[in-house]
Structure formats: structure tokens, C-alpha cells
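One chain follows as C-alpha cells, the form predicted alone.
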Amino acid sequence: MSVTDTNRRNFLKLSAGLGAGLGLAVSLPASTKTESAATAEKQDSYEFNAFLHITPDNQVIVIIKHLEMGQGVSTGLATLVAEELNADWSQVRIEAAPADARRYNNLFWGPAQGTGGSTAIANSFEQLRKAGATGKAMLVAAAATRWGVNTADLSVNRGVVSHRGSGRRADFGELAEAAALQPVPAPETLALKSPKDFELIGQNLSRKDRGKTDGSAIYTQDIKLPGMQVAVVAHPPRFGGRVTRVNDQPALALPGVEQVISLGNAVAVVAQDYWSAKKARDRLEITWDESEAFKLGSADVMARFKAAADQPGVVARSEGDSDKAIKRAARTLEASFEFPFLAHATMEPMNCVALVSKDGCEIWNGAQLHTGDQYAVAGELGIKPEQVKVNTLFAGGSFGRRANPHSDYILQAVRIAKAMPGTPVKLVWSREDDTRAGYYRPAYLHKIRAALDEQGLPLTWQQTIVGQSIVAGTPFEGMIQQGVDPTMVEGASTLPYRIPNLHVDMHRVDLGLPVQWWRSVGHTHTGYSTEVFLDQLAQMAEIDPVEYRRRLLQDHPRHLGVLNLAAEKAAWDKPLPKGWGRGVAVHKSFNTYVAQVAEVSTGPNGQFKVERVVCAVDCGIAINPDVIRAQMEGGIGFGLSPVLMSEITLDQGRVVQSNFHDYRVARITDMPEVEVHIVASAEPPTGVGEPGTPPIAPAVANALANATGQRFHRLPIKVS
């Protein structure tokens, strides 16, 4: 029997050719051919600055310094350049930037290149517009020199420079070589457009990562290099386990298997292809030393958190005298909230191609923390960071997973390649590998106590948050100031509601479990506890939940703006069918304001369905409204999973779940009807990749409370 290796790209090409018979035909303009991160067919081009190249055949190439992982950042960044360049959108192409923090650093992060915290558009807004304006000035100068005219008599429109007096015209490609030799104008001489003059910003432009639809987009799994081997890894069944003994003979006996390599805390099998490596990995006989391994169960973890919550914590915010105020209050309310560990569950599990040679190291992957990975690899190999070349590819999702502060799977690939110098090695983690041996959103416990004044408004609010720090022991540990980890308390310590006596503290409980950021980070749990608890206070005060929030947000007009817009578009006061409920939540994260109204229907045996979500978002200037809507919709879908079913549970230190059959995520049938309304704004743009996620869980919980009379203090929700 012969096996043909038909990859995704060839399948799509074949399917397109047989479209009449299969009913699957892909017909795209030829111009989309180079709209991917692949650079194999790139023509010679002229560099104007770090972000702009122009080819002789009139292509505008925008260098994308941030990782495209489905969020649409490549389209947004290209729009910024094209707007000030006055390019025609059809001539714009994208290429991924190399790892080079000197040229491509995230301006919000200092001397580091990376993508995260919904910062990509926000940190690049002025920088990339100036890159486009610089290019336009140089093109105009070249045309003026060529034609012997004044630059003031030239105009640029849709990729063409024109002289008003003579009617002479030249496209960018004709001028590119001469323009690239012009003096680069000083930044202070550049006049950027006023928002009223934007022609591309604010439009629903077609996306520039469209290679995903025709198979031309390059992911790590697509990389094939001469002589490349494939590696899979056996991880310890408990975190912290170490390899004591390996019997590799059963694995090496299989055809196609090249090597078995002990990594200390794991064992790698290298073979000619993935299936051979996986079969061999499954035949390894490994003895693990678990004397220092993590051995707690989920209930044990929560018991530790509850014990910590009864003690005074590190103060993150304190205003007024909450203890004194709560003692004199007539009405008080207390609640505890429990949040489980969560997996990132990206569609593309972790993978990386690494080649170690005498000159350095080259890697290919969906790099999210370019600088961190570059320095980690250099440290592992004892070389200089500039000797580590990072080829950034598309990534099939991340939700924070590929921004690992420890560069976990990257270093694993490099350590394997180090044992095979000169041989490219593709490391592939299966879904089971990442579910049981990956990194998780930490579990958390919140305790909140509040009191109401005579008008039913909050007089005092006390909140304690207990969990595991995601930055302690990482290069980001400097974020912890005076014992406060902002990633644990954000959204609670920044509570916008007018409460005269407010106290928020936290406890770090170090468990030794691998944890890291998860889409919207601390807001994933603080947004839920604060908005659900506030709804309970409104109920106690017998005030409508939207009106209650309005009274408490008078000092925060942008919060109030999205709340009012969502309530209006959802027809908040309109009666619902019997068994239905409506709930609201409003939350600011990453400088973006989002309010959501959810409608749910209930059925027998605790069943319920989220029927409709109305979302209002204020993210400043809307670069591409269609991308913003997609990110809000995606954030809502992502945030529904932990509401409905997602959780990682532990049994004596072992992760119970392994794949999508038991680590369940929302399916298409779980997705509600979603409306997204964008607040018109002239404020600088802020992020949209994460802010859509925090409000959906509390909005659904509050809607269910409205329908059932029950309150839900643990996720995922179970209706009794």
C-alpha cells in the first residue's frame, strides 16, 4: 500500500480544479497570490524605510512587525501605511518582519518586539502612518526632480503621482528606484492627515491575509526543508516529573525512526515523518521521577485558595475606610466566585522548525514574542541573539499561548535540533500534548463583600483575589510592584463605578503549575465577578441593572456611552418570551470599552441557550470596522466556552482532559446571533483582539439569573 502526502495547499488546488464535480471551487483574483507571509516569489524592491518597500512593477509591500494569528492585524497595519502613502488598496501586499527589535519593537514595550495586550494597532498608529507619509514625500520629490517641477504642484492619488500643470503621471513602480535614493524627510516635517480626510481608514477593506482561503498562506506545518526530520515529545504525566530511565529499543525498531533524545524533563523521538515519530513515541518505556512533581487535585487547589482568602492580602487599591463603612451599613452582601484552569485550545497546536548550525540557529514558526524567543534560544545555545534568525509565519490562533515567557516549545525544538546539527527539525505537538502538557489560564478564587447606602447604591466594596501569578519567575516579573501582580487584579483594581469606600487585595499562591496569559488575561475573571456581583447589588436595591450602572458611571462617559448604546440596540425594556432572560455587562480592558447585552432561553433539565448578543464597542478610531466586528464576534465566541463547558481539571496532579471530546469548546450550534455596534470616535485607536471576551460571561450569567432566579458563582455554569 502506498501513502500519498497530500498537504492542505495541494488539496485546495486539486479541489479548485475539480470544483464542478466536488462543489468546491475557489476563484480568487490573481493579485491575491502574494498576499501571504510567504516571500519565495517576492520581486526585487526598493526600501523606503523599515515598513515600506515598493517594487518596479508597482507593488507596495508593507512589512508587518506583529504576528498575524487571525486577528486581522496585517490588514490594519497595511491600512495605516497605505492611507498616508495614498496607495491603491489593490496594489498593497504584506510581508512578515524578521526578528529585529531595533527596527520592529513594540513601542509600548520598549526595546522588545512582540504581539500581545491588544497593542498592535495602538502602538503602530502614528509610526506606520509616518512610514507611509515618508514614502509619499520621497515619491513626490523623485517626480519633481524628474519633471523639473515644484513639489507643491504634484498630487498623489491611488498609487499615481500627477502634475497638475502638464498632466504628466507616473505610478509608484516607475518612480520607486529614484524615490528610494531621495533624502529621507525629517519626521517633524511630515504632515499626517486629519481624520476627516481619511480615505482608507474607517473602510471595510478586504483583508490582506487572504492566502488562508486559497492555500497559499504558510504555517509552520507547511514548512518542508531538505533533509528535514520530524520530532514528537513524550511529556511527564505530572508537571515537574523528570526522566529516570528510557527503554528506546521498541521505538527505534520501527521504520523511519532516526533518534530518541532525552531532554531531562521529556523524551523526543525524531523520525522521517510525524506518524512514524508518534507511533515510536507511544512505544517508549519511560520511568519518571515524580518526587518533586505536582500532585494536587482541583479541589485541593481551591481549598488552598480559600484558606489564603481568609487572611489579609497585598493591597492593590484602597480608598476610604471600607471596614468602618461596612459595619454601619444596613444591607450587606457577600459572595465567592470560583474559576477553573483553562487551556488555550488553539486550532493549530504548538510547533516549530529549528535548524542549528555552526553559524547560529534559524527557526520558523508563528512567533509572537520575537525578542523573548530570540534571547532564549541564544542563551540555550551560548550564542549572540543576532545569530538567531526568526522567520515569522502565520499562526493558527494563539490566545496568548504562543507568547510563552519561557519559550517552552521553542526551546524544546532547539534542544532537539542541537543534538542534530545541520539537520532541520520540525517539532509537532499534538492536541493531547498541548492540553495535558501545555500552559493554562490560572484558576482563581474571588471573595467580594459590599454594603448599600440608603439609596441602594454601593457604600463599600471589598474584594480579595487569590490565584497563581503568570509573571512571577519570568522575564516579566518586573511588572509586580510592591507585591501586586497587575495581571491578577486588573479590572477589579480599576473598577470604574462610583463607590466611596473601595478595597481590593490579592494573594499569590505558587503551585508550580505552568500558567500564562489567556485572551484578555486578568479581565477573564475580574470582569465576571465584578459584573455579576454588581447585578446582585442592583437586585437587592430593586433598581434596573442598566439604570444601576448608569448612576454609578457618571464620571466615566465612555463606559456610559457603550452601555447606553448596547441597551438601546438590544431594546432593553422590551418584554421577552416566557423562560427567556436578558442580562448586561460593561467592562474596559486594554483601553477599549465594551458593553454586551445577552438574551438566553431556558429549557428542561437545566438546559439553556444563548440566543442573541448585542455588543457596543468604543475602540477609538475604527481602522477597519469589519475587522472590529469580527474580533468582537470572535471574542464573544471564545468567551462563551468557559461559560458553557470549558475547564481543565486535575486528579492527583494529572490533567484529566486531553482533546476536544472532553475539553469542550463552543461549537457553531452554540453561537448566538451577534450584533456589533461601533461608537464613532476621533480618539486614538485601541485594541480589539481581547476586549470582546470579558463581558460575555457575566452578561450571560446575569441573563440566566433574570430567567431562573439563580445566581452563578462558578464557571462553567450549571443550572439546577
Partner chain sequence: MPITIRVNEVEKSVDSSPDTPLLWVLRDELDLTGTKFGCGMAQCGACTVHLNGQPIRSCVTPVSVAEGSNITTIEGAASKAARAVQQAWIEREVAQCGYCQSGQIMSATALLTSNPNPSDADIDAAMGGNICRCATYVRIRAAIKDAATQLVQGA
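Positions refer to the first chain, counted from 1. Keep in mind the model is a prediction, meaning the values are calculated, not measured.
What comes next is about the form predicted in complex with the partner chain, which does not appear here.
- Y274, G397 and E432: each with a heavy atom within 4.5 Å of the partner chain in the predicted bound form? Checking in the predicted bound form: Y274, G397 and E432 are all within 4.5 Å of the partner chain.
- Taking heavy atoms and a 4.5 Å cut-off, does N58 contact the partner chain in the predicted bound form? Because no heavy atom of N58 falls inside 4.5 Å of the partner chain in the predicted bound form, the answer is no.
- Query: Going by a heavy atom distance of 4.5 Å, is G653 a contact of the partner chain in the predicted bound form?
  - Reply: Output for G653 is no: heavy atoms all beyond 4.5 Å of the partner chain.
- Give a yes or no for Y440: in the predicted bound form, does one of its heavy atoms lie within 4.5 Å of a heavy atom belonging to the partner chain? Judged by the heavy-atom cut-off of 4.5 Å, Y440 is well away from the partner chain in the predicted bound form.
- Item | T332 within 4.5 Å of the partner chain in the predicted bound form, heavy atoms | No, T332 sits far enough from the partner chain in the predicted bound form that none of its heavy atoms falls within 4.5 Å.
- Item | Answer range among 504-512, 483-491, 275-283, 594-602 for contact with the partner chain, defined in the predicted bound form as heavy atoms within 4.5 Å | Checking each option against the 4.5 Å cut-off leaves 275-283.
- Item | Option touching the partner chain, based on a heavy atom within 4.5 Å in the predicted bound form, out of D222, D544, D171, D321 | Contact with the partner chain in the predicted bound form is made by D222 alone.
- Message: Using a 4.5 Å heavy atom cut-off, which residue among D453, D100, E126, D626 comes into contact with the partner chain in the predicted bound form?
- Response: By the 4.5 Å heavy-atom cutoff, the listed residue in contact is D626.
- Task: Counting only non-hydrogen atoms and a 4.5 Å cut-off, give the residues of 611-646 close to the partner chain in the predicted bound form.
- Result: Residues within 4.5 Å: D626, R629, A630, Q631, E633, G634, G637, F638, S641.
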